[in-house]
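First comes one chain, alone, set out as structure tokens in the form predicted on its own.
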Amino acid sequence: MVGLFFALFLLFMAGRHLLSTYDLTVDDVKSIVTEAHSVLTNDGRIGTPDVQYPDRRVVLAFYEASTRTRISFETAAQRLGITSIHFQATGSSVEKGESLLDTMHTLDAMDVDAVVLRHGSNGAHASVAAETRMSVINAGEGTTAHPTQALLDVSAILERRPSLSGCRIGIVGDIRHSRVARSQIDLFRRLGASVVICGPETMATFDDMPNDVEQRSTIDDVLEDVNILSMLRIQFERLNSDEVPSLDDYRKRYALTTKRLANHKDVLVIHPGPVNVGIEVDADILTSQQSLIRRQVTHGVAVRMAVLSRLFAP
């Protein structure tokens, strides 16, 4: 029993892990965003921070495909002087049947300070945090959480707006299967925004959706009522065949087209990527002045620098 209580203490100790947005207070979120903005230069690039952590070692363990998250964590670590070590399930003992916890215990025995983990199983990150001495940063878990994505979304928005308080934010697309949507909804609401959602019946909501989140029938209904629009891709890799909507119908009811956005010139657009161009978002929108999609990538590096600094700060 003592061992269990000690494990839970380590799991929830401030700064020890980042498993979900629920680990963060509003002040924590504001501090991370402030730190991220402080490393952005006047010309919009990423500067070199004063504090470095050359004696720290981080393993990037991605059990699912990733471009933006993996490379931005690697870049963030490099800019902080942290040694980053890549782990790939392909070509490792995972192919011989080694379990996630066995692999994590092996890394722990090598005296690694932290693991940035992406895994498809819900609850995987909490298990690793409870079973090893390493700090655990959730880089995407199943359908439950993607905390640094939500943080970078907030960071990118707050570069263009003074606050989220009073904002109306729409989330459109495959919400049921989206770990991003769950983390966004939590942070957006706690920072003072109200949230409106929209998507096909098979993917429009999830079981523990907060009661104050409103639902609309089409993207046109959402656009009439929001300041910020978060577009989500259809996650074909997580869908059963009977859940996949007609793409023609999807375009008619839920896609952000160039014409639709032109009718709402004050709405800012975000997307966690990758974008299914021509399905949920038209190609021209990626370079629109209303789009933060590419700017989010830059904020991804800055926010992950802030998260790593928070983890390793004395």
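Quick note: we count residues from 1 along the sequence shown, nothing fancier. The model shown is predicted, which means the values in this text are computed figures rather than measured ones.
Omitted from view is the form predicted in complex with a small molecule, to which the following refers.
Student: By the heavy atom within 4.5 Å rule, which residue out of Ser155, Ser178, Gln149, Ser230 makes contact with the small molecule in the predicted complex?
Tutor: The option sitting close enough to the partner is Gln149.
Student: Quick check on this chain: which one of Arg45, His37, Arg260, Arg68 has a heavy atom within 4.5 Å of the small molecule in the predicted complex?
Tutor: Checking each option against the small molecule in the predicted complex, the one that comes within 4.5 Å is Arg68.
Student: So if I measure heavy atom distances to the small molecule in the predicted complex, which of the stretches 25-33, 280-288, 51-59, 266-274 falls within 4.5 Å?
Tutor: It is the stretch 266-274.
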